[in-house]
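Have a look below at one chain only, the form predicted alone, in structure tokens format.
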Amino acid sequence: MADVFVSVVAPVSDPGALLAPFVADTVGVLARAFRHFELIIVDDGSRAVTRAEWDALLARHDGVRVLHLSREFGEEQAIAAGLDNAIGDFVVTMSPGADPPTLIPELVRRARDGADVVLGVRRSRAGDPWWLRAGAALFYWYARRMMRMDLPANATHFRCLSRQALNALNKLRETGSRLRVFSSYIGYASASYPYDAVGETRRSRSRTFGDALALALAMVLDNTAHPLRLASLLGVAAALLNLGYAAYVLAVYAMRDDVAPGWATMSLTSAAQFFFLAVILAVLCEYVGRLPKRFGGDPGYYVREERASAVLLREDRPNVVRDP
């Protein structure tokens, strides 16, 4: 694969002892498999890694770039920063400590065979707690059945994008766009790549219940108006029920002689109030659900500093995106 340039994007946040072996392993795999490559480490506001440690890492390895974000923006935005700065024909994203660097050449090979997006899918979630496995199963069911998203179960950030797919991703400038959702959104040719993740103990930071819940909510709320549409439908249903109740009150008032004084007036007043409240809720939901499509947001991240070691590209060549 000497005729392609491969970029690898890896976000880190206070990785500790994980950083140095990950960089050594990844650079070693890339150097053996490709002539031209870059490893982009996105420092997502780390405080435990000193500048001297970063300098030593850059001096020890060729083809490494480091993007220091101004603060911690989260894994999604750290990956977005790396993708915005990647120059490769094929770009691989991965989570240090969870995704094996040895699988990068196979991921790129499958992308060169015709898939613009190769999705890494974990074969097993055996290392996750029961609540995370149950929550993941519920989320993927909801995404497929309710949101109509072609989202592979147990998909991870370990994936390979062709230059065409990356260019399409870079056109989506909404700060809330999620890489997992994007792959099914653009409609490019994709393929799943089952693999065994590295042991959970090697992760730079364990995922808590709050992290998992925040990620699920962000993927839903940032990429679909389905919850608002559901609230809108409930509002319409409530409005219809109140209309039916108002009709019932009028029928009782017209057909019975022993109606308590003031009952019909109070009941009609309550039904009318709830009817208008339900209609207003439905209309507001419809308008709010369209706001993300009409207005963009602020930048998702800010790069404080960029540094790089020696690059391996020592000959003039254009980037290629697909073999003839």
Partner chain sequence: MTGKPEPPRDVDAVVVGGGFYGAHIAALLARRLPAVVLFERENALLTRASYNNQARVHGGYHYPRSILTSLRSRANYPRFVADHAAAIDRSFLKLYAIARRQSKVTAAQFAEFCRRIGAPVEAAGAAATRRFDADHVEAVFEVEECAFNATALAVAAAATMASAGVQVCTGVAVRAVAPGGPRRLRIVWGDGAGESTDADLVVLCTYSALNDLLADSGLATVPLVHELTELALVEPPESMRGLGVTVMDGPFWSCMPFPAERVHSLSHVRYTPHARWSDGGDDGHAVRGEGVRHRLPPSHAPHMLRDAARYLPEVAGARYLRSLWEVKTILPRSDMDDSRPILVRQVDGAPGLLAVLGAKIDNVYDVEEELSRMLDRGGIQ
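Positions refer to the first chain, counted from 1. The shown structure was predicted, so the numbers you read here are calculated from the model rather than taken from an experiment.
Just so it is clear, the following notes concern the form predicted together with its partner chain, a form of the same protein that is not shown.
The shortest heavy atom separation between Asp43 and its partner chain in the model of the complex exceeds 4.5 Å. Using a 4.5 Å cutoff between non-hydrogen atoms, Arg65 counts as a contact of its partner chain in the model of the complex. With a 4.5 Å cutoff on heavy atoms, Ser192 does not count as touching its partner chain in the model of the complex; it lies far away. At the 4.5 Å threshold, heavy atoms of Arg123 stay clear of its partner chain in the model of the complex, well away from it. For the residues Ala78, Leu107, Ala86, Met94, the 4.5 Å heavy atom test against its partner chain in the model of the complex is passed only by Ala86. Contact check for Arg133, Phe139 and His226: none of the three has a heavy atom within 4.5 Å of its partner chain in the model of the complex. Heavy atoms within 4.5 Å of its partner chain in the model of the complex are found in exactly one of 29-37, 280-288, 260-268, 44-52, that being 29-37.
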